[in-house]
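Below you will find one chain, with nothing else, as structure tokens; this is the form predicted alone, and questions on how it binds or moves follow later.
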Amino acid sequence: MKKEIPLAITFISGVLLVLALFIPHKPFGNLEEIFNDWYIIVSGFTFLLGIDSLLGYNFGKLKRKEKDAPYALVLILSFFITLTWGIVEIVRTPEHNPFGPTSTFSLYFYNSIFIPLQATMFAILSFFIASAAYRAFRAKEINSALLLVSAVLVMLGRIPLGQSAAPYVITVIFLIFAVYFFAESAGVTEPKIKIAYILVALIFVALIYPLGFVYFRQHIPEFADWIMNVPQMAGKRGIMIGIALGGIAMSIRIILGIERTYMK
């Protein structure tokens, strides 16, 4: 019964929500609102369980005197300071929300703690992003080369000095491609393929001035917008469709009781 009752509740709730989505009339029309209310109530209890688990885990670190015990102490002290401050605000001004945007507690927390921590986190993340971009944009093959060129063009279209820097960046990119195809032609023995590689390299050299110094100097922002709105959006929509299909498949597995990992 420990497994059958949760599975039955999950099945009935899932089927009723699906019916409420397709039948917007009573008694199914307001089921979504009722389930949302119950979701808020259940999430409140899970929030308390999460706090208990978090504090217990960090208290355990303090008792065992682990290496990161000072961080656990900071977390525990921050939790109880925040809780005490909120209770004091409720007692002093019961008519105001102690966690509202105009309360002294929220303003102090946001301006003195949250903003500096957020700035620090994003400053650290920038180094990880730069490292990931370096690994992803190494032009080892044609796909990574296209990704590198697209990223450079988008960045040029987004920065204020992009239009003035675009001709020189395009020159460097086209010369790299020209050298690449010249180098590839040296290792080819078939005359037709060798000539094709050389022609492609010459085309890249010939396009440096008309594209770099004429077109991209004036239209690099529009071209960057085109990359974001057409090829990038097409890939993004494909990913979102895949995520939606995966979510539907996982929902069906959970409703039918095939997926039971949430019970562990």
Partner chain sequence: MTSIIWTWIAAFFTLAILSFLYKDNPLYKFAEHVYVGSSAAFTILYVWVFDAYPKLVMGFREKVGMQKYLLIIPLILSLFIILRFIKPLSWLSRWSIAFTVGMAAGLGITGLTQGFLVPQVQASFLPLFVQGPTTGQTILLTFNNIIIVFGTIFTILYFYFSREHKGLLGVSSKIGVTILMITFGASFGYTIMARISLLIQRVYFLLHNWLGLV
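These numbers come from a predicted model, not from an experiment. Positions refer to the first chain, counted from 1. C-alpha atoms forming the largest set that superposes within 1.5 Å between two forms make up the rigid core.
This protein has a second form, the form predicted together with the partner chain, left out of what is shown; the following refers to that one.
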| query | finding |
| --- | --- |
| Contact test in the predicted complex: Ile227 vs the partner chain, heavy atoms, 4.5 Å | yes |
| 4.5 Å heavy atom contact, Pro231 and the partner chain in the predicted complex | yes |
| Contact label in the predicted complex: Lys63 to the partner chain, heavy atom within 4.5 Å | no |
| 4.5 angstroms heavy atom contact with the partner chain in the predicted complex for Arg92 | no |
| The unique member of Val214, Ile203, Ile195, Leu49 whose heavy atoms fall within 4.5 Å of the partner chain in the predicted complex | Leu49 |
| Sequence-ordered list of residues in 144-173 near the partner chain in the predicted complex, where near means a heavy atom within 4.5 Å | Leu146, Leu147, Ser150, Ala151, Val154, Met155, Arg158 |
| Residue shift check between the shown form and the other one, rigid core fit, Ser53 Cα at least 2 Å | yes |
| Exceeds or equals 2 Å, Cα of Pro167 between the shown form and the other one, core fit | no |
| Core-aligned C-alpha movement of Arg237 between the shown form and the other one, 2 Å or more | no |
